[in-house]
Structures are given as C-alpha cells and as structure tokens.
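Heads up, the chain below is alone and in the form predicted on its own; it's given as structure tokens.
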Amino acid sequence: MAAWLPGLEVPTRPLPVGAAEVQVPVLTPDDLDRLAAHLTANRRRYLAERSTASILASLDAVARRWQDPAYPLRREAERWIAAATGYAAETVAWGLAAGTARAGREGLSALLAAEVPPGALDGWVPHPGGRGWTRAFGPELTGFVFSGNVPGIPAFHLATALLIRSAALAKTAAGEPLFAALWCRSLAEVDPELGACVAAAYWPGEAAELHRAAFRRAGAVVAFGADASLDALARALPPAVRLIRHGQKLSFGCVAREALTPGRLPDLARRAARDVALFDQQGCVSPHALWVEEGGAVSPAAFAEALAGALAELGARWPRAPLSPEAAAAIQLARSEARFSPGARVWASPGSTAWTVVFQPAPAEGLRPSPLNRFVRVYAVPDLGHLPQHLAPWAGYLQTCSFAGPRDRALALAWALAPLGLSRLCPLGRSQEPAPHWRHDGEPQLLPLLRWVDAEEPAGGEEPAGGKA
C-alpha cells in the first residue's frame, strides 16, 4: 500500500497512475483525526526529548540506505515512479539519490547551522542579544502537502520536521503517492521510534473535510502546488494553523558575454540542456527561458543551436516522458507561433515534440512561459542589466536564475532581480540541485516552524531551571 499510517488500519482501493497502479487508503475524517492524535502522542513519547545528534544519526542512516542503488525500497521506488510518471529510469534514480541525500547529516547540519543557534533545539543557550537564555521548540505536529512532479523531495521536508522535534503528517500527490510512504518505512526500519512519529498517505485534494481533520492539530502546514489548490487548502484549515505556501513560480537562466567563448560553448550547452531536461521542466526550479547576452565571442543564436544539439544528445539517454494529447498540442502550437515571429529561429526534434529550442530577440513584453516538456526559449539581450525591465511583469513569481559568467556580474544580477522576488542564483547546470540551506522562495525552512522561549537573566545570574541540555 502507498501509505505509512502508524497505529491505523483502513481499507484500500486501487489508484491508477500513468502506466502503474497502486493501492491507496480509503480515509475518513475520523481516521485522519485519530492518526494525528496518535502521531502527537508518539511525538511526546519518543521524539520530544531526543537529542539533535541522535536524530541526525538515524536520518543519516536512512539517507545512506537510499544512496545504495541495490536498496530494495529504492529499487521499488525507481520502478514504480518511472512507470507512473514516464520519466526516464536514470532521471528517477538521480532524483531519488539527490533528494534523499539532502535529508542526511551533511545537508541537515548545514541547514541547522544557517538558521538555528547551536544547541537551541536541545536546551537553553545564551540569548544572541546578550542577556538571558533562549530555546527553540517545534510544533507537536507539522502537516505537509506534497506535489508529485519531482521524485525524492518529501524526504528532506519530513526530516526537517523530525529535526525540530515535530511529528509529521503528509498528504501525498495523486501523481506520485508512493515515495514518501517508502521513505517513512525505511525510517522505521532504522529507528522504529522515529518511524512512529511520521505518516504519509494520499487522499483527494478536493476533500476539504479531510484536510481539516488531518491538520487541525498541526502548528503549521507546509504545502506545495498550484495557487488555486493552495487557496482551497487555506480555506479548509482552521484559523490557528499557519499555512506556509510554495506556489507557482518561474525560473530562468542567463549567460553573460564573458562566458561565451568557442572553447566553453559545448560545456555551456550541456549544462543548460541538463537544467531543461531534468524532470521535463515540471519543477519550480526548471528554466522556462535563457537570456543570452550579445557581444561575446559566440553569438546568442550559436548558443541556441548548440543547446538544441545538447538536448538532442541528452534525449537519447534521458528520453522525455510521454505526453497527453493536450500537452503535445500546446508544444506544436508554440512552435508554429514561433516560426512566424520576426527574427525567430526554431530547432525542434524531427517527427516528435521531444525537445524544442526557440531563438529570438528579447521581446518587449518580457518572458513568455514555456509550455514545458523540454521547450525552451533563448532570448538575445544587448545587456543583462536590462533583465529587470523584461522580467518586471513576473514580479513575485520569480524563483531561480541559473547563471554562467563572472562572479561580480552574478552578484550584481541577483541584487537587481531581488526586488522582483528572485530567491536563488546558482551556476548554470545546477538549477535542479538547491542547497539544503536555500531559503525556499526567500523564506527560511526551519524558522517559520519554530516557537522561541526567552528566559531573561534573573538576579544573581543563575541559569534557568533545567540548565543547559
């Protein structure tokens, strides 16, 4: 069954997903309320007093299992996700390895170092303001609503809940309901007590009464998805439950003229193709377009042609997932429109919609979103300093910019785009590999979930009751 439900037994039903099928639970509001109560009780029993070092050790052991290609649960996930999503087997394997690695000791320790004073989750520590002590507390229960477009993502977020001593209840996506449950199962293999503090299951996204029952005990719900779905979720949650939204975003790439040399062109094209091809642009960090600066030794049009060649080469190794008739028609329409645009050139996979590169001068109306599925536009721009005016219509929706060029120009570009909402600038070819300490959508990962208690220094300077952990 594609669920991990400690202490709960429920009937199941088949759920067809792509070319696969899986059994999912049939849940009622009462089931989910009892599950949430069971998780919070387990959290008090097994998790509240655990040390950070102990939690990290167990999470790292789980991550190491998932790095082994022969691990049975990873093999099960790879087979099923490839069949369900149509992603190439290599793409799924890469996504699972990368996603679960972020939930290991190194990634989680980097996140802690970036956001929480050392020791503040274990006991009282000196207040950064210099007077008294402080301590951080996570909620008894954190809810998650995951999307299913990128395999492996839930591992990191479930791990962060445990790290702050919070039980976790996750709603999985209809398009990929299995991985989170398998990760929870592997956690229980390594550490049964921690495994009793997490749950993952699919239920229909339109069932407001199920959301309300599942999350009414939660301190916060972290949710990923389309803006309309997040709006509906917000209406279903009790007013006291904080919703941390990660909605629709646009990402893109930039190549500065200094990087455009004949010797570097093949590598630049391969890195850009990787950003576009991984997960068929379904992720929020996937680039819709690449802005290429004029004035280099290689022209933007030559870069677009090299990118087309790199996408064709990569497609032989990582074939794109099959498309619905509607998605294929959207690509054909966008190709036709591009062929009639002044100054545009189109490179397209012969006899299929497997990949498309459209080159054109930067349009006055700014970035046009891609129909996705390896359709990318390359815009020639006289100077990358003009980008804010081209991207201004998408203020609040920008997320990741993958960049090739000198460091000083990268930082200048990030500074110029920050007012429009850009939250991440990374090297070209690394858009799908955000660092664990990345502030997703510009917000910290742990801090929004934490509650702080400050103990002011008493007369005589004694430490607070309980002392240091």
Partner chain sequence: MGSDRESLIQELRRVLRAGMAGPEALSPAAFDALALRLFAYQYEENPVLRAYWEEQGVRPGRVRHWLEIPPLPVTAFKQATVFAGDPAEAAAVFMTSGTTRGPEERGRHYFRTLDLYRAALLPPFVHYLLPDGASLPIFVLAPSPAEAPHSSLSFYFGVIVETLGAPGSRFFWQEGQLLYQELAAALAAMESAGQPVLLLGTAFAFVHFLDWLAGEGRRFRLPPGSRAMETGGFKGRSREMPQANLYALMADGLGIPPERIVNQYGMCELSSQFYEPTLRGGPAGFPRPKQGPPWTRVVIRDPETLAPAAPGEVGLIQVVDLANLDSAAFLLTQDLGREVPGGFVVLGRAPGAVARGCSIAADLALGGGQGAPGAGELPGGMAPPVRGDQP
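Residue numbers count along the first chain shown, from 1. Bear in mind the structure is a predicted one, so any value in this text is a computation, not a measurement.
Although it is not shown, the form predicted in complex with its partner chain is what the next lines describe.
Notebook entry, point to check: Check 226, 249 and 320: does every one of them have a heavy atom within 4.5 Å of its partner chain in the model of the complex?
Noted result: Judged in the model of the complex, 226, 249 and 320 all sit within 4.5 Å of its partner chain.
Checklist line | Stretch in contact in the model of the complex with its partner chain, which is absent here, among 117-125, 156-164, 393-401, 95-103 (heavy atoms within 4.5 Å) | finding: Within 4.5 Å of the partner lies stretch 393-401.
Notebook entry, point to check: Does any heavy atom of residue 134 come within 4.5 Å of a heavy atom of its partner chain in the model of the complex?
Noted result: No, residue 134 is distant from the partner.
Next item on the list: Could you confirm whether residue 107 comes within 4.5 Å of its partner chain in the model of the complex, counting heavy atoms only?
Entry: Taking the distances in the model of the complex, the answer for residue 107 is no, it never comes within 4.5 Å of its partner chain.
Check: Does any heavy atom of residue 240 come within 4.5 Å of a heavy atom of its partner chain in the model of the complex?
Finding: Residue 240: no, not in contact with its partner chain in the model of the complex.
Next item on the list: Indicate whether residue 325 is a 4.5 Å heavy atom neighbour of its partner chain in the model of the complex.
Entry: Yes, contact at 4.5 Å.
Item checked: Answer option from 368, 245, 270, 216, heavy atom within 4.5 Å of its partner chain in the model of the complex -> Answer to the contact question: 368.
Next item on the list: Between 132-159 and its partner chain in the model of the complex, list the residues on our side with a heavy atom within 4.5 Å.
Entry: Residues within 4.5 Å: 147, 149.
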